[in-house]
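As structure tokens, one chain now follows by itself in the form predicted on its own.
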Amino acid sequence: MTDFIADRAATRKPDFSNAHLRKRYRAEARFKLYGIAAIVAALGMLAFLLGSIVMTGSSAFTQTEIALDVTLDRAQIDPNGTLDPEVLAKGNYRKIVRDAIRAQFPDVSGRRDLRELYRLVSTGSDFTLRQIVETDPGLIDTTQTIWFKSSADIDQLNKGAIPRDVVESDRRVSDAQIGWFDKLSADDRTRRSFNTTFFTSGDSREPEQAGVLGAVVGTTLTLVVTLILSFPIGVMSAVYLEEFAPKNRWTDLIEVNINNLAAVPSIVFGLLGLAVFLNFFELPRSAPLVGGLVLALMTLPTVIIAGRAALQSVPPSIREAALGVGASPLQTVSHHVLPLAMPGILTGTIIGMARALGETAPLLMIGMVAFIVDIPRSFTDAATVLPVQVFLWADAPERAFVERTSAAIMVLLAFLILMNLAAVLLRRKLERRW
């Protein structure tokens, strides 16, 4: 009889006529609706953020160029005819470029008008011409049509960022410059090409000459130091605390401090790096070595906490089986427990490295906010990183740096995705099922 009543109760449908029951189901439906609305709102805000970054930064991947007929006069480049590289490097290339511009507009005169005319092309055009001559000295005493980068203001005008329909005093490009540029366009002497300089050069005061290669290399070197230090030390600390350390007040104190360090503001680690690595050990300022040391200290608590959680997730039966067949505690951990916990440890490492990649405050404290033009070649060379580069460009007054700031953010996101993708693939390769 009892089984019959239980079966009837299990198969009986809910009584929706009950007001309390209807209210509860309506609340459940509202809760699901709120959850869906929250997800949609989060995805919408993320799409808006990424869309605004892409729309603003995509134009930085192209650059306006102007074609000039350049006469490579030997008297200005190599008066002795020796083709000595040191002599070629000191040639008066600026005058050659300016003569080529004036040849396009022979009617322009007056110091002010000529100064505005010369601003049609980038101030780095003479360096571009020097590189061409140094690559092929046989071009001397010939006339070549060479494409030079336009100035940042002309580039913004061509991209529509500087409006033409406002009074001359409210824009950075004069009416005369607009007329000259339009004449060059009518003569098919302007074009928009892929901005290779953005990916092949370091920072510059001139937006059209600025690139992210120096920041990318600096970021890579800094993260290499961070990973080399934080991963093995963090894993060994997690293994010791979870598998070998005795449970007493000292280990409890260490665990509390590790958990507290994970929540310490990042700028505190920057102050620590400034006091210890720079002032005490006198390591080079603004170097990837120091930046990696600071970020490693900041990442260690995250790796240790995630590593301990991964070790705890391994079933005790694995340890018992290994010990039962005669394995030592060290063999049990190294051959059985640690390989099974490695995917979780790598997950914590990914989180820590992603946090390190986006940090700016601790690196500002150790001098990585400096203006660095050269590409770093070692761990002790002066360098900057992508987040700091974004910070510097966002603070620049030129309108052209706005699009380059967004473009640098896109490069930073791509760097993060590639780094996480490599870590995820490694984690899946090491993953074992039991």
Partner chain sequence: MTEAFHVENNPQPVEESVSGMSEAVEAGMPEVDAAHAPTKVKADNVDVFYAEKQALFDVSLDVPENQVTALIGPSGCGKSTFLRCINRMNDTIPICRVTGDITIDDQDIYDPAIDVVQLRARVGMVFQKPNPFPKSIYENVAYGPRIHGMAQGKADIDVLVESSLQRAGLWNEVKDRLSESGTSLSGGQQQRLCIARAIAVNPDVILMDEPCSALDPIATARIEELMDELRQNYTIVIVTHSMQQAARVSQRTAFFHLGYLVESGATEMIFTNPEDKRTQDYITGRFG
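Positions refer to the first chain, counted from 1. Keep in mind that what you see is a predicted model, and the values were worked out from it rather than measured.
One more form of this protein exists, namely the form predicted in complex with the partner chain; it is left out here, but the text below deals with it.
Site annotation in the predicted bound form: the residue of Leu114, Leu323, Leu253, Val87 reaching within 4.5 Å of the partner chain with a heavy atom is Leu323.
Out of the listed residues Gly358, Gly179, Pro329, Gly138, Pro329 is the one that sits within 4.5 Å of the partner chain in the predicted bound form by at least one heavy atom. The shortest heavy atom separation between Arg102 and the partner chain in the predicted bound form exceeds 4.5 Å. The partner chain is not drawn, but in the predicted bound form it has a heavy atom within 4.5 Å of Leu340. At least one heavy atom of Ile318 is located within 4.5 Å of the partner chain in the predicted bound form. Heavy atoms of Arg189 never reach within 4.5 Å of the partner chain in the predicted bound form, leaving it off the interface. Of the candidate stretches 189-197, 71-79, 90-98, 310-318, only 310-318 has residues with heavy atoms within 4.5 Å of the partner chain in the predicted bound form.
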